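One chain comes next, on its own, written as structure tokens: the form predicted on its own.
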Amino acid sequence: MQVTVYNCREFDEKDLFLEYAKELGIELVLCADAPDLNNVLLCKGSRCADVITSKIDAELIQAFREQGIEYITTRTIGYDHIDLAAAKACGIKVGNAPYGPHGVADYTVMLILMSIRKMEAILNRTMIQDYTLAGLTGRELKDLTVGVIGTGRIGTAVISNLSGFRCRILAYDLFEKEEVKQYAEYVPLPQIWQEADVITLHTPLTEDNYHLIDESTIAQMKDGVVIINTARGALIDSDAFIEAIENGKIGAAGLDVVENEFGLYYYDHKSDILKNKELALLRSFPNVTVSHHMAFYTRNYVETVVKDSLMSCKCYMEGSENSWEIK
């Protein structure tokens, strides 16, 4: 059994891949780079490819199939970076590797606190030894209403975390959970737009919620609303979002994801001209915290996704029950 692993990080993943592969009786081909039409040739002899959030489009999927790939597993919860329709058309199965929700949930609360306490501006001043206080008045979470959109595992963990701050919590999801109701009130989405001081996104990206936050929904929000996104960048219309920051409608934001981030994150681009002017603008605002899609990134995450992605491949190749396969 052979698996080709792409985006294999030397500093934290490689040793784990080698350790777990030995335990599971799997041979590995390791590649540090994202899969593309050149290095796809490394897959020859493997039935499974192991990837992360690199764009896996129809052309690349066809190339995978030509090399004998039958199964693609992604070391992520989300799989919107993989063209599922193209994979199905080629007869390639796809799996994901859900990890514990607490890393992203903790990171979300951190971004909320950084946003309402103006931490980006504080750190910028500290860097130039400006220790003045004017313009840095923060707010306390207990005085605010937080709207949580999406109450899957991560959204539910965020709500549990927030309950300790004694803030009012509103929640929205197509499928309500009883465990959420002890801390939050489920309400229609328009009520969150109208009443929340802080809105945090925890929903997968679908055709239905693409640009969930756009000009029309922003117009319904409170002046000075805080927006947090640790889910997917395309949930937010960047142009409308930037305009709302510039005119003060959005008072602050904490963004771990942005639109069109494929090919940017997880690489050293300090000497490059980036083809994402929206990201440059967002990073320039003193009331916006931008990180590079790393809310998930904990030791627990790395160990979980490396092992589970290989387990998923093993299950596929042995024809056994595969709980990671996307049906």
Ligand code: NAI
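Each residue number is its position in the shown sequence, starting from 1. These figures come from a predicted structure and were not determined experimentally.
If you look for the form predicted in complex with the ligand, you will not find it shown, but the lines that follow are about it.
Contact annotation: Arg153 falls within 4.5 Å of the ligand in the model of the complex, judged by heavy atom distances. Shown alone here, Asp256 lies within 4.5 Å of the ligand in the model of the complex, counting heavy atoms only. Contact check for Arg75: every heavy atom lies farther than 4.5 Å from the ligand in the model of the complex. When contacts are judged by a 4.5 Å heavy atom cut-off, Trp193 does not count as touching the ligand in the model of the complex.
Of the stretches 204 to 212, 138 to 146, 219 to 227, 119 to 127, only 204 to 212 has residues with a heavy atom within 4.5 Å of the ligand in the model of the complex. Comment: the ligand is not present in this chain, but in the model of the complex one of Asp106, Asp83, Glu243, Asp173 has a heavy atom within 4.5 Å of it, namely Asp173. Only one of the listed residues (Ala252, Val198, Ala231, Ala184) places a non-hydrogen atom within 4.5 angstroms of the ligand in the model of the complex, and that residue is Ala231. Residues His293, Met294, Ala295, Phe296 of 288 to 325 are found to place at least one heavy atom within 4.5 Å of the ligand in the model of the complex.
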